[in-house]
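Given as structure tokens, the chain that follows is alone and in the form predicted on its own.
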């Protein structure tokens, strides 16, 4: 039967059909023909414990017998209240939690709160949003404006609001005449010069710890902290996107604590429910929240809401997920397991078409190049994603690339044995794909 589904970020003309996944077990996806694929992208970066985890499934089924959904408009529910308290406990200096359905929405909320905050306190000149080049914050219009990736969003450029973008230091592509330390200082200097010149900036928005969809750019030590300090110095709200980088992906539960950079607003998503149901959250400090309080006719409250905000099924599974992080000491396990990536650095880097390897925690980006000396990216006629999916499938692994970056983003609880298997098969996939790429 012909499929009626239009798939995301996919050139549909390249695909005659799609494999139908009928079951997930542990770290593996199983299709209708019985083929198994090791999930190398954690089902789009969100899976924590693997598929069909009994504790998470039980949390959903137990809650489904009590309350499936009720709105947060004038009402509340126990799972959502419990989850908010748990999120605040792990998020230093945060005070309130606003729920949404997905990461893009969580960032839209963060942007709206940032802009309205200054309106609420009477600072109407603070209307600009600053951010980093190459960042990514979602596919909705506000998120596209702040996380503008030309290849993704160029066709909508005229409809997006303008932002102030600053360079981010990339160790693999240091400008001529600079060393990496100079490059970092130059990036920070550009931010401070703009802040001091005309302080009409409402907020600085960035991914926390690393840029993920932008090609796995790991920030150098101290870079995020320096931006945070500039925001405090020049009275700019500091907004962090931990949707893909928090909850252990980079090796710490809350990445901003490792980066020593407490934000005014932070957004979580993806791994919040272990990857089982859709949910996201935007957290703010007390100063931000209090600015929205007043008489009803002051119109200071936040005009934003979603039908499934605070959904009790999603909140229940998120509560069990957070409980399991503690019970199974997952962060410590991640820090140990993630060292497996390092065992394969040399073998991967010696491949003819690999220009750079970037890795932190349970995240690796392998940049493919046409020429190692010139560092020129590969641009085949066929999408690299399609090539790597097909070749990866033959190796029994599920891969999805972003441009010329092969991304390895496995479920966080993957075993050392399975991670070694994923890396070995990724190397075999790169070798097999080479003839189609150059």
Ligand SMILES: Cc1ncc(COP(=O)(O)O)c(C=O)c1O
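Residue numbers count along the first chain shown, from 1. A quick note: this is a predicted structure, and the numbers were derived from the prediction, not measured.
One more form of this protein should be noted, the form predicted together with the named molecule, which is absent from this view; the next part is about it.
**Q** Among 252 to 260, 340 to 348, 131 to 139, 170 to 178, which stretch has residues whose heavy atoms lie within 4.5 Å of the named molecule in the model of the complex?
**A** It is the stretch 131 to 139.
**Q** Which one of 243, 110, 146, 317 is close to the named molecule in the model of the complex, taking close to mean a heavy atom within 4.5 Å?
**A** Flagged contact: 243.
**Q** Which one, 309, 285, 104, 163, lies within 4.5 Å of the named molecule in the model of the complex by heavy atoms?
**A** For this set of options, the contacting one is 104.
**Q** Quick one: does residue 45 come within 4.5 Å of the named molecule in the model of the complex, counting heavy atoms only?
**A** Although the named molecule is absent here, residue 45 would touch it in the model of the complex, with heavy atoms inside 4.5 Å.
**Q** With the partner left out here, which residues of 258 to 276 have a non-hydrogen atom within 4.5 Å of the named molecule in the model of the complex?
**A** Only 270 sits within 4.5 Å of the partner.
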